[in-house]
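Read the single chain below, which is given as structure tokens and is the form predicted on its own.
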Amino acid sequence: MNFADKVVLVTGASRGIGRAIARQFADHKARVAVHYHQNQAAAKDTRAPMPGGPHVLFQADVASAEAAQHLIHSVVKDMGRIDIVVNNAGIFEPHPIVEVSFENWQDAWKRTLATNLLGPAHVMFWAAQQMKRQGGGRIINISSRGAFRGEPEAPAYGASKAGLNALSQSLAKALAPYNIYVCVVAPGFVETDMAASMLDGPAGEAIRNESPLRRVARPEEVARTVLFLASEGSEFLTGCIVDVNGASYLRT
């Protein structure tokens, strides 16, 4: 997988899965637009060991339609083009229906859908316009097994990821005539900062035992799947949803 001369935007690249994706693209000779929302220091830490480049930091709240548009335009202005977009930025906010107030319920839904579904939709709209002008491109969206199995403690999260799956497959059909390919990677639990409290807590062992491998995924394993889908020769996988959950949840 050689991404020389390719410009890759990774949203939510300051930590976790996004950091691993950004670093692996750099290891394979891409120039990476490292997106972050608030934590510039963490984004700099992501970029620090990355070979090649130049790799550029970009700040944006992708939940804002205007910020998403500005992000794509800034990447193209500063880096010359945009060949691959990885929509990884997302939030997980518990809001169990029998415990929270209606006001908290509404707030959780608004924030989650704005970040996890509308944000990628806005980014994909503007990226697709640029990719069409260039003659093609790749979009990889990071979903979740929660889109399929349900998320009783965070239903907005499960719904947002199910929506992202449907959106991705709709755009795979719409954009294929322009040589723009859209795929989804749906991880289960991953060893990230976001999941650390659960994995280190009382439920950690049960979570690891959901997989016959008796562990959760490493961020680098998710990243390798993303790079494969973004590589030359994977075009006929457009519209696919690839599970990376260690057989912890199987669907037909």
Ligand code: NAP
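Only a predicted model underlies this, so the values are computations on that prediction, with no experimental measurement involved. Each residue number is its position in the shown sequence, starting from 1.
Below: the form predicted in complex with the named molecule, not depicted.
Next item on the list: Spot the stretch among 172-180, 102-110, 84-92, 126-134 with residues whose non-hydrogen atoms come within 4.5 Å of the named molecule in the predicted complex.
Entry: Residues of 84-92 come within 4.5 Å of the partner.
Margin query: At 4.5 Å between heavy atoms, is I142 in contact with the named molecule in the predicted complex?
Written below: Taking the distances in the predicted complex, the answer for I142 is yes, it comes within 4.5 Å of the named molecule.
Notebook entry, point to check: Might I17 be said to contact the named molecule in the predicted complex, defining contact as any heavy atom within 4.5 Å?
Noted result: Heavy-atom contact with the named molecule at 4.5 Å: present for I17.
Margin query: Residue-level question: is E210 within 4.5 Å of the named molecule in the predicted complex, judged on heavy atoms?
Written below: No - in the predicted complex, heavy atoms of E210 and the named molecule never come within 4.5 Å of each other.
Next item on the list: Considering only heavy atoms, tell me if K161 and the named molecule come within 4.5 Å of each other in the predicted complex.
Entry: Flag for K161 set to yes.
Check: Are all three residues L229, S234 and G239 in contact with the named molecule in the predicted complex, where contact means a non-hydrogen atom within 4.5 Å?
Finding: Checked in the predicted complex: no contact with the named molecule for any of the three.
Next item on the list: Please pick, from A195, L57, M50, A65, the one residue with any non-hydrogen atom lying within 4.5 angstroms of the named molecule in the predicted complex.
Entry: In short, A195.
Notebook entry, point to check: Hey, which residues along 31-56 are within 4.5 angstroms of the named molecule in the predicted complex, non-hydrogen atoms only?
Noted result: Sequence-ordered list: H35, Y36, H37, Q38, N39.
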